[in-house]
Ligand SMILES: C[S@@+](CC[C@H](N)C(=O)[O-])C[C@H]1O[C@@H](n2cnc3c(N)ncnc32)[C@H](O)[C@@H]1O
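Read the single chain below, which is given as structure tokens and is the form predicted on its own.
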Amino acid sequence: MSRPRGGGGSIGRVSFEPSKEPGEVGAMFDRVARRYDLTNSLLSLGQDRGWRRATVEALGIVPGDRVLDVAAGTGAVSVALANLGAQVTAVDLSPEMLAQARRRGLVGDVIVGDAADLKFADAAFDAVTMSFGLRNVADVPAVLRELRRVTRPGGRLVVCEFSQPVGAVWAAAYRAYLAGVLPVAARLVSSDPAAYTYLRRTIKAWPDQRNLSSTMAHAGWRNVRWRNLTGGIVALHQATNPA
């Protein structure tokens, strides 16, 4: 695990552009929902399953835990959490993605909603998670504060998100992949290749691990740390809500 060190990027200098209006983002994911899981598995060379498995393990679920899965998508994380005995509430902007989650077998609370305006009471959940969704919100610090609001004191947050590869070899390979392989593969397998142009732009604009950790700390989260997955292409950020 790594922790933010002194001198890390300040919140004022972190750029989260390009950002999107929630209705526009939801509509985009509606268009890709039908082939979303297949496309992601192919584009990630099967790595996406390991990333989500790491997310579930990092939450440290105890049966009966109340867990909020924001940007739940097709429900891969939600279903895994429910199988561990968690009481899962799944929220996503896209009704079509949540329909796929239902087909996957997700039961319980499945809600169309916005991460920036969660319709839950303060301290309603023991744990909150967000996989590959924080990058799509317009105001990242505000969403992190909203996630903290609905997490009980001492509760935990796990964010799994694309990040910045560590080391010259990983970085060069990833740049080549984003520029060359991803657009071609998306045209072949996705139901909306333009959505993966958006994906490439948001990944390139996203801050590195230390800057995101700093932003989480500014939003009031404590014990912020991260773990790189697949050479830093994805990073798993963990934090707790102070008591």
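Note that the structure is predicted; figures quoted are calculated from it, not measured. Numbering starts at 1 and runs along the sequence shown.
Just so you know, the form predicted together with this ligand exists too; it's not on screen, but the next bit is about it.
Taken together, 36, 72 and 133 are fully in contact with this ligand in the predicted bound form: each brings a heavy atom within 4.5 Å. Although the partner is absent from this view, residue 52 contacts this ligand in the predicted bound form, with a non-hydrogen atom inside 4.5 angstroms. When contacts are judged by a 4.5 Å heavy atom cut-off, residue 29 counts as touching this ligand in the predicted bound form. Mapping the unseen interface onto this chain, residue 40 counts among the residues with a heavy atom inside 4.5 Å of this ligand in the predicted bound form.
In the predicted bound form, this ligand stays beyond 4.5 Å of every heavy atom belonging to residue 106. Judged by heavy atoms within 4.5 Å of this ligand in the predicted bound form, the contact stretch among the candidates 87-95, 166-174, 119-127, 147-155 is 87-95. Comment: this ligand is not present in this chain, but in the predicted bound form one of 219, 224, 25, 235 has a heavy atom within 4.5 Å of it, namely 25. Contacts between 114-129 and this ligand, taken as any heavy atom within 4.5 Å in the predicted bound form, involve 114, 115.
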